[in-house]
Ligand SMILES: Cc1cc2nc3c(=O)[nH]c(=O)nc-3n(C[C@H](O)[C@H](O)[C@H](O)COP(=O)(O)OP(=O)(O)OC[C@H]3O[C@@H](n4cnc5c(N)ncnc54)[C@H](O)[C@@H]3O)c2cc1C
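Consider the single chain below, provided in C-alpha cells and representing the form predicted on its own.
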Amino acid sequence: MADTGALDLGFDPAALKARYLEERDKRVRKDGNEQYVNVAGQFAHYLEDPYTERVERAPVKDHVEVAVIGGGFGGMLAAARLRKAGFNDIRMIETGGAFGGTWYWNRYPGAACDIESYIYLPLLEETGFMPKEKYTKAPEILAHSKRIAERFNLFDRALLSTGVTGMKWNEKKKAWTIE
C-alpha cells in the first residue's frame, strides 16, 4: 500500500481547535472563581437538604471492603458492577437524603433529561425499566435511581445525608479513613 501522506479527515483539526478555543474564551471570565457567592451567612440555608429531615447519629466507625462516595449514577453504577462481581461489603456515602445525585437535588418544575433517556439512564436492562418518554422527566429519573438502589441493595449500609470532608491513608492498616 502506498503512503498517501496525511489522512483526509474532511476538516482542518487546527482550525477546529482554534474555533473551540475562541468559543471557550467568550465564556471564561477574568474573575474566575471570584464570580461565585460563598455559600455562607445569608446563603447558608442552601446547604440544607429541603427534601429529607436531618437526623443526628453517632459517627460510624467500622471497616468496609469498598466505600463508594456519591450516590449519583456514577456511584450507583460502580456499586452495581461491584455487586455483580461478588462484592457484598459495600458502603455508599451520599450527601443527599436519597440516591439520585443531580436528580435528587434538581426538582424544579419541568426538569427533564436533555439527551435521550435510553442512552443516559444506566442499568435499564438490569432493572427491567423503560422510560416513558424519549426525554424523560426528573421525577421518573429520580424513581429510577431508587429502583437501581433497591435492585442492587445499595440502601443496605448506605450513609445518606452524609458528606465526606476528607480522606487519609493509614499505612499501618493499609486502609483509608474517610471523614
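Note that residue numbering begins at 1 and tracks the sequence as displayed. Because the structure is a prediction, the values reported are computed rather than measured.
Heads up, the form predicted in complex with this ligand isn't pictured, but that's what we're talking about next.
Exactly one of the stretches 124-132, 35-43, 63-71, 146-154 approaches this ligand in the predicted bound form with heavy atoms within 4.5 Å, and it is 63-71. Heavy atoms of Asp114 reach within 4.5 Å of this ligand in the predicted bound form, making it an interface residue. Using a 4.5 angstroms threshold between heavy atoms, Ala18 stays clear of this ligand in the predicted bound form. Although the partner is absent here, Thr102 is a contact residue: one of its heavy atoms lies within 4.5 angstroms of this ligand in the predicted bound form.
The closest non-hydrogen atom of Ala80 lies beyond 4.5 Å of this ligand in the predicted bound form. Taken together, the three residues Tyr51, Ile90 and Pro139 lack any non-hydrogen atom within 4.5 angstroms of this ligand in the predicted bound form.
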